[in-house]
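Given next, in C-alpha cells, is a single chain: the form predicted on its own.
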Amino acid sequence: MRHGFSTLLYKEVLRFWKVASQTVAAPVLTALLYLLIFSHVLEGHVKVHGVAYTAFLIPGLVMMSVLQNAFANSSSSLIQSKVTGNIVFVLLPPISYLEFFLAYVLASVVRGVVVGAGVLLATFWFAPLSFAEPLWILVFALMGGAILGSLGVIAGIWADKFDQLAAFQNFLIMPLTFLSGVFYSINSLPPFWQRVSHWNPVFYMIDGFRHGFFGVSDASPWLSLAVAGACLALLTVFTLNLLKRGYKLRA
C-alpha cells in the first residue's frame, strides 16, 4: 500500500482517539449500565444454554459495542467531512478508492475492537467467563467490525446531513443490533419471531461471537461465518462501486 493509505488510516484512528472520552469511555459506560440493570433483574431467574444470564449477556454487550462503534466511526467521519467541506482534502490526493475504503473500514474495526475490549474488561468481574474457542471470538469481532464499518461508509456517502445519518442509525442499525439476541436467546421466542431473527445478519455475528466463549449457540458457527462472510463480500463490492463512481463525493 502507498503512503496515502497509511496516512488516511492514521488520521482516522487519531480522530477517534483524540476524543477517547466520547468515543471509547462513553460506550463502555453505556454497556456497563445495561449489564447492571439486566443482570440485577434477571440473574438467578434465567439461564441460557446452561449459562448464567449475566455471563450470557456479557459477550452480547461486547459484540454490540463493537458493531455500533464500528458503524459510528466511518459514518460520522464521512458526514463531518462532507458537511464541513474538508472531504476535498481526502479526495484530491492520489488515493485509490480501494485504499480509501480500506482505511475507513480498518479504522472502524480498530475503534470497535478497542471499545469491545474496554467493555469486556469493565464487565469481566461480574461473572466468570470461559473462552472455549477464542478463534471464533477474534474472527467474528473483526468481521463484524468490518461489516458495520462498510455500512458506515455507505451511510456517510449517502447522507447529506446529520439528520439523515441519525435516521439510518435509528431505523436500521439500532433495530438490527437490539433484535439480534444480545439480551436473549432466540430459542426463547415464538416460532414466527425465531424465523424473523434468522433473517437478521447481525444475529449470526453475535451468536458466532458468543459461541467462542461458551461453545454453545443458537446456530452453527459455520453457518454464522458463511452469512457474515457473504454480507462482508456484498457490502465490500457495493461500497467499492459507490466509491468508484464518486457517488455524492465527486459529483
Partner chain sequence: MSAAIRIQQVSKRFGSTQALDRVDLEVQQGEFFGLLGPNGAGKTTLISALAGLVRADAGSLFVMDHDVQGDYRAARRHLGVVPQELVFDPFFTVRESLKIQSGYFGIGDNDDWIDEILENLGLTSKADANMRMLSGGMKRRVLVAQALVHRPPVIVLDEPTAGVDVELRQTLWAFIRRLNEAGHTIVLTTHYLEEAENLCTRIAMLKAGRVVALDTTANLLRRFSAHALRLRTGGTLPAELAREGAESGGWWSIPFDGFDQVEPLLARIRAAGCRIDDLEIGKPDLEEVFVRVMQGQAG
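Positions refer to the first chain, counted from 1. Computed from a predicted structure; not experimentally measured.
There is also a form predicted in complex with its partner chain; it is not shown, and the following applies to it.
- Proximity to its partner chain in the model of the complex, defined as a heavy atom within 4.5 Å, singles out one entry of V110, L179, I95, I173, which is I95.
- With the partner removed from view, the residue among A166, L135, V88, L121 that has a non-hydrogen atom within 4.5 Å of its partner chain in the model of the complex turns out to be V88.
- Taking non-hydrogen atoms only, A25 never approaches its partner chain to within 4.5 angstroms in the model of the complex.
- Not displayed here, its partner chain is kept clear of A230 by more than 4.5 Å at the level of heavy atoms in the model of the complex.
- Using a 4.5 Å cutoff between non-hydrogen atoms, V237 does not count as a contact of its partner chain in the model of the complex.
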